[in-house]
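Take a look at this one chain, the form predicted alone, written out in structure tokens.
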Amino acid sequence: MREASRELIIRGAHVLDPLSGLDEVTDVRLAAGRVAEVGAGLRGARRLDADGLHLFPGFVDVHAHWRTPGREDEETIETGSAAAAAGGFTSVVMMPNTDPIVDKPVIVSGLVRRIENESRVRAHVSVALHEGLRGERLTEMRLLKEAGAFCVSDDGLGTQSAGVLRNGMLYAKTAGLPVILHCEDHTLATGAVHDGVPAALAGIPGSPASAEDAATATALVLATETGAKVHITHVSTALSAGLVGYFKDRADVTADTTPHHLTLTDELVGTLDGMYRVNPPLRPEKHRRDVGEALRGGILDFVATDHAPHSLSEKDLPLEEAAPGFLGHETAFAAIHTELVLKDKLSLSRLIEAMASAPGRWIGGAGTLGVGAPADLALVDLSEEWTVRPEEMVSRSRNSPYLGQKLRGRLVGTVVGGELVYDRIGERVGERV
């Protein structure tokens, strides 16, 4: 991905950037891959008329599965980054539970080179906390960082041994790598869905919320003790959100939740459709509501999609046999905007903070439209209503839980380093004012 050198004036958009305090209709000038100027009446050789659109900092997704290496039939760096761009994401962190697992420097360096050649957006490599994600021997984190690793994670499986997790945090701290944790106690997580009324009525074995809560508590206690920079991903229960809130001032900890845990519930288990299996599972309405409140109040710092492509053969199965996971990039903003913002349960400014500003701070140097910042932007038509259709998905896979649903708010353009990497704008771009 190369930085654009041509100047571009984006004119007349409603610019909303919680980090810099912008919330007005104005113009933005991009030059040399960065935000060069913000103000009314800007003129230049190349312009984009954005009347009626909102301009946000590019979204940042700290949790995505692009399936490379090993499962390119489900997603590739090219298609994953294209899907991210179609959802307004300009930076993404790739998870390590691929085939092979990203646990060796040669795999990391190879991914870094491929990202440079194939990705439409900025992508960061997360590496395995322990070899093979088996929860036993720690990876050589310093060498992995030298090869280009951005952070370490146990995503997909979680770390079952508190001793291994503690040592992993200590090693990651000395290596200068943040830790992203998938909190799940496998001795409790024995079912395919949430252990609730819908699961019982459907006759499907469920896992209790405590499977997440117990592991979250352990991770937070260890983060407090070790001083490691720890991020708890895909929080889905009320108690886990409360635990994060309690430890906020006691540890260097952040947390996210997903669009699907904010907008869907375990009532979908009653369909028996394998599409709706995900890990952690969809929860009852009370959990969905309380997790949303935690996001609104800043206890949960940001939204991450857990973008998880799967082939049709893996999802077109009985629910308890289907592969867990949903597509997330392309529908994240629209789903939350439709279900929370338009229903006055979350402000638009807080949504942009959660999708851009806060995760941008976490990865460093992203999530703002301040002068001098990278020219990574998302242009959105908040009024556009659209139906999620499988044939229109940009991802190589089609396993979106929102298929057939009408959403409001749609990306019309995504800019990375001053270059349009996703373009539904077309005729709006013109030469010389």
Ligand code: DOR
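Start at 1 with the first residue shown and count on from there. Fair warning: this is a prediction, and the values are worked out from it, not measured in the lab.
The same protein has a further form, the form predicted together with the ligand, not shown here; the description that follows concerns it.
- Only one of G274, G196, P105, G156 lies close to the ligand in the predicted complex, with a heavy atom inside 4.5 Å, and it is G156.
- Residue G325 is the only one of G168, P359, G325, P259 with a heavy atom lying within 4.5 Å of the ligand in the predicted complex.
- The stretch among 86-94, 168-176, 307-315, 240-248 whose residues place heavy atoms within 4.5 Å of the ligand in the predicted complex is 307-315.
- At the 4.5 Å threshold, heavy atoms of R120 stay clear of the ligand in the predicted complex, well away from it.
- In the predicted complex, the ligand sits within 4.5 Å of a heavy atom belonging to V278.
- Using a 4.5 angstroms limit between non-hydrogen atoms, R283 is distant from the ligand in the predicted complex.
- The closest non-hydrogen atom of H231 lies beyond 4.5 Å of the ligand in the predicted complex.
- Scanning 160-184 for heavy atoms within 4.5 Å of the ligand in the predicted complex gives just one residue, H182.
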